[in-house]
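Coming up is one lone chain in structure tokens, specifically the form predicted on its own.
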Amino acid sequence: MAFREGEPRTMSRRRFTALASASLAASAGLASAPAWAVGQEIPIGALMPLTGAGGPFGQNMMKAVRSAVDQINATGGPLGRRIRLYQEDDQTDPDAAVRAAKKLIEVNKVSAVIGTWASGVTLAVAPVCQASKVVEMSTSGATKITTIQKQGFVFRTEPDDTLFGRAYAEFAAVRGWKRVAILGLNVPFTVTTVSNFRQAFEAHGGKVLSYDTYNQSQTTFRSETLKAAQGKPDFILVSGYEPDVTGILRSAYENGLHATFLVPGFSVSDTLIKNAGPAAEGLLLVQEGVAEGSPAYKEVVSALGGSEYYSFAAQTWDQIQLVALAIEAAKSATGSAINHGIHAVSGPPGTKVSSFAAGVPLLRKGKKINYEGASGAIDFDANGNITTANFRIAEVRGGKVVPVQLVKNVHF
């Protein structure tokens, strides 16, 4: 504070109070947003596939999180503190993801990292987070992830591949299909998905005619598609990502193979449908369920401004809501507190809520809550896996993805 020439270097408590009150009054008129204390922001990391195989989904995932953070902060934030979101692109690559995670943890000092998508990325990032007691929220499905989840700090809103495999088999049983050929990308999620599908499919009286894997760098699939079609299967199951699924569909079309293909929903985007053209017609997708029609999912659609089926964006929307609610429930923003608090705000018992804004008043009254959001009910087991999942079956018709049916309540 500057003093006038000749003014005493001391001042009365009355004068200090008057000056301080005037200063506060002036600053109060400068902003209408909540006034958080300096240095009290809560740093949270968003690590998502903005490029690479997951790029078609990562952009929407990030938009959903940013919108959710804006809403959370507009209501005052957890513990009355503002969330500061730090964004990184994992490039759908484990090495790049580890570098980005270390930056988020060591430089940005985040207490949670949300959005990891590919199973290889989640598996690589998890030890980094666990060593620093930072929570990782994942949209990956590989069953192998459960092994590292037993050490804590890793949660998944994505159905485990065990559930995916069973959903494929249940849909095939409804269609009356008995013969299948399988093509699988050589990555962790394929092993468990195919294993669980095969077990459930054969239990329904089905027969696996062939099972061949291919590499991630592969660009031609003529021999694989010709072999898969040889036994005249009722359908061909492809466990892969968008680039390889696109190549397989093109290869089948170019070689005059009119097979029915069943693929995971995360391998198909508008880009694939456009690039594959007529080769994508009739393609069947098994997609992670969302709570269509729910207030939370409507918020996601509104935030993204489109008409796609936003399964991963719905999950990351829920992840940041859960993290914020966990901080409020645990009354702390450390990674250890979030790790404990997530179990306290998800799953019964408790009043069902679908947003941070709805849950906070109840938590501050000492009430229990059960968050059910844009992706549906999220009931974690001891390892951080959701115990039950719904799946949507859709088909590409006239260049559009059209819903066909639901496969509900698939359990571990």
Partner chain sequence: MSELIRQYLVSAIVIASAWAPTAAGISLIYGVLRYPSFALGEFMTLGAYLTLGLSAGLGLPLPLSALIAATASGFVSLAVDQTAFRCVRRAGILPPILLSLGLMLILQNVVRAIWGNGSWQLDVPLARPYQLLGFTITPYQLITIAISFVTVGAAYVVLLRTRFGKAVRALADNPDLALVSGIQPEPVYAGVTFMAGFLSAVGGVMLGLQSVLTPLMGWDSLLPAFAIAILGGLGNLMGAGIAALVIGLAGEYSLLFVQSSYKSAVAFVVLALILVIRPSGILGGRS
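Values in this document were obtained by computation on a predicted structure and should not be read as measured data. Positions refer to the first chain, counted from 1.
Just so you know, the form predicted in complex with its partner chain exists too; it's not on screen, but the next bit is about it.
A.B. asks: Verify the contact flag for Arg84: yes if a non-hydrogen atom of it lies within 4.5 Å of a non-hydrogen atom of its partner chain in the predicted bound form, no if not.
C.D. replies: No.
A.B. asks: I'd like to check something about Glu242: if you look in the predicted bound form, is any of its heavy atoms closer than or equal to 4.5 Å to a heavy atom of its partner chain?
C.D. replies: Yes, contact at 4.5 Å.
A.B. asks: Flag Glu224 as yes or no: does it have a non-hydrogen atom within 4.5 angstroms of any non-hydrogen atom of its partner chain in the predicted bound form?
C.D. replies: Because a heavy atom of Glu224 falls inside 4.5 Å of its partner chain in the predicted bound form, the answer is yes.
A.B. asks: Within a 4.5 Å heavy atom cut-off, is Lys144 in contact with its partner chain in the predicted bound form?
C.D. replies: Because no heavy atom of Lys144 falls inside 4.5 Å of its partner chain in the predicted bound form, the answer is no.
A.B. asks: Consider the chain as shown here, without its partner, and state which of Gln199, Thr271, Thr75, Ser336 has a heavy atom within 4.5 Å of its partner chain in the predicted bound form.
C.D. replies: Looking at Gln199, Thr271, Thr75, Ser336 one by one, just Thr271 meets the 4.5 Å heavy-atom criterion.
A.B. asks: Only one of Ser195, Asn108, Thr260, Gln216 gets a heavy atom within 4.5 Å of its partner chain in the predicted bound form. Which one?
C.D. replies: Partner contact (heavy atom, 4.5 Å) among the options: Gln216.
A.B. asks: Can you check 321-329, 306-314, 148-156, 249-257 and let me know which stretch has heavy atoms within 4.5 Å of its partner chain in the predicted bound form?
C.D. replies: Only one stretch passes the 4.5 Å heavy-atom test: 249-257.
A.B. asks: Relative to its partner chain in the predicted bound form, which residues of 306-338 have a heavy atom no more than 4.5 Å away?
C.D. replies: Not one residue comes within 4.5 Å of the partner.
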